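Only one chain is included here, represented as structure tokens and corresponding to the form predicted alone.
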């Protein structure tokens, strides 16, 4: 265990790199998820078709191959990314493709009565989405989003393949230098677990924060006589 204490500063720097890539990857994942997910629901095929192709390509190909393509192959086509930029792009686009289906699924499963009521009130498609459908769909998106974020965190261990000195790369370097395997990899195993638990707890907090009914139970409603809405029973 003394080797862990000796190399703790190196592990700390690797951890910071992993956290940076994770946070940037999550931010890009959210942008991609909503952009592609809403495009899949568009009435216009010029938006639906590219979104469908993007989602299927990134879900249907290996993340490792995508990393190699962005970092090693694109420079031959005149497009060059830094290691961290390539890693964040691949993680965000790959996980965003999965999360886009979460967005689409959460919206299309809203009761059809919601859409019919919006049409009856004269709301445009954009207003229906922004004011009614999305606010109700977001709480349903949060649990699967939590799974996507944890999966992205674990996938950051692959970025060492494009020369990024992350937590996994640092542990492997220490192992090669000292010959210690069990202690080093046990420590980073625990570190990844703690990070994953933190993401899970954050997701659960957000579920409670954005729940339609803060008690966690379906809200009971009764009509307002002479009105156009409903109030809690």
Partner chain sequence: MTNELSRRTALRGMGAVLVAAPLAGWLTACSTTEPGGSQAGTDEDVLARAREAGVLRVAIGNEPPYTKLETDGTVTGAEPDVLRAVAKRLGIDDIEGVQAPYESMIPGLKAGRWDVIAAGLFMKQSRCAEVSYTEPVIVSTESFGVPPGNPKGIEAVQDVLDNPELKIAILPGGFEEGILNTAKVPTDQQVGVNDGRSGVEAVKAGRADAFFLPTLSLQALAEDDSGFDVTDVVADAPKTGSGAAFRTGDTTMVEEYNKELEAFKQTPEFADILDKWGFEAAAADGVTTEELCQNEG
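Being a predicted model, the structure only gives us computed values, none of them experimental. Positions refer to the first chain, counted from 1.
The protein also exists as the form predicted in complex with its partner chain; that form is not presented, and the subsequent description refers to it.
Novice: In the model of the complex, does residue 144 have a heavy atom within 4.5 Å of its partner chain?
Specialist: The answer is no: residue 144 has no heavy atom within 4.5 Å of its partner chain.
Novice: Would you check, heavy atoms only and a 4.5 Å threshold, whether residue 75 touches its partner chain in the model of the complex?
Specialist: Taking the distances in the model of the complex, the answer for residue 75 is yes, it comes within 4.5 Å of its partner chain.
Novice: Is there a heavy atom of residue 163 no more than 4.5 Å from a heavy atom of its partner chain in the model of the complex?
Specialist: Yes, residue 163 sits close enough to its partner chain in the model of the complex that at least one of its heavy atoms falls within 4.5 Å.
Novice: Any of the heavy atoms of residue 123 lying within 4.5 Å of its partner chain in the model of the complex?
Specialist: Looking in the model of the complex, residue contacts with its partner chain do not include residue 123, since no heavy atom lies within 4.5 Å.
Novice: Taking its partner chain in the model of the complex, which residues along 120-146 bring a heavy atom to within 4.5 Å of it?
Specialist: The stretch 120-146, when checked against its partner chain in the model of the complex, contributes 131, 135, 138, 139 at the 4.5 Å heavy-atom cut-off.
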